[in-house]
Ligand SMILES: Nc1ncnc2c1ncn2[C@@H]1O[C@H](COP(=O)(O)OP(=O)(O)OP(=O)(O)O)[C@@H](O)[C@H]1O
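Single chain ahead, written as structure tokens, the form predicted alone.
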Amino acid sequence: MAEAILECRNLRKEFGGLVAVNDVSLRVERGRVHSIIGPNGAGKTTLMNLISGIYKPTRGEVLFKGQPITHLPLHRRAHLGIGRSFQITNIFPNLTVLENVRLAVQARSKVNFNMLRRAYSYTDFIAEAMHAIHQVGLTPVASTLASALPHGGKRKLELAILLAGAPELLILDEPTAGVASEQVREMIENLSHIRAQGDRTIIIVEHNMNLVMNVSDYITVMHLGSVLAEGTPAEIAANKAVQSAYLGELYSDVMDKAAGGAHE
């Protein structure tokens, strides 16, 4: 069994009388793409907020590289190597693509910006930023204002900003939300490339089953705050309980292809 970079043990989150996450245990192995899927209201984003430190659990614990982080705030977890994106893009619209990513590199290095020094004299920061930009396919628009990017480009920029922070664990919340269908393939290619490098683990919360089935090593299905099923894409595609509770006929074509691939 591969080493676990993240473990959740009996996590529970209550909001008054509502149980959003109901005693969820999760094991994410290092170097894998682990997707979390389920219908709206299944507790997926709440679980990510517990892992990243936005919420504190009602009970249970979170371990990162074997160490408890349950009570650490968001910024402390970021310093340990956990990067998190959100459904709404979080970028500086009036800065260029390069400037957005360079600031992320600089923040990681903890070097204060000198107002009397030209930004382009930070050559090491720029080189690292350009590497992250290249990884997500934004090199041709590096000098473009972030506000001028299409929505899919902004999602790529957010991913580049995350990569620039050099996290060991990336948590991506709906990376294809609002993205045009033709750009989903580009996101699949970007995530596949990042995974192939082998130095990062990715957790994805996603509704787009095309992306999930193409990039995931392992999938956890949530339903009503609990874990309904876990397994490889082929195992999830063939799981009747998952099909009944979530996938159904809407995703039948994608599921059939995934299940068929297991026998090729």
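Numbers for residues come from their place in the sequence shown, where the first is 1. Everything numeric here is computed off the predicted structure, so don't read it as measured data.
What follows is about the form predicted in complex with the named molecule, which we do not show.
Taking non-hydrogen atoms only, residue 45 approaches the named molecule to within 4.5 angstroms in the model of the complex. When the named molecule is considered in the model of the complex, residue 68 lies well away from it, no heavy atom lying within 4.5 Å.
Using a 4.5 angstroms limit between non-hydrogen atoms, residue 39 touches the named molecule in the model of the complex. Contact between residue 218 and the named molecule in the model of the complex is not found at the 4.5 Å heavy atom cutoff.
Proximity to the named molecule in the model of the complex, taken as heavy atoms within 4.5 Å, picks out 45-53 from the listed stretches 45-53, 22-30, 209-217, 231-239. Taking 174, 189, 168, 99 one by one, only a single residue has any non-hydrogen atom within 4.5 Å of the named molecule in the model of the complex, and it is 174.
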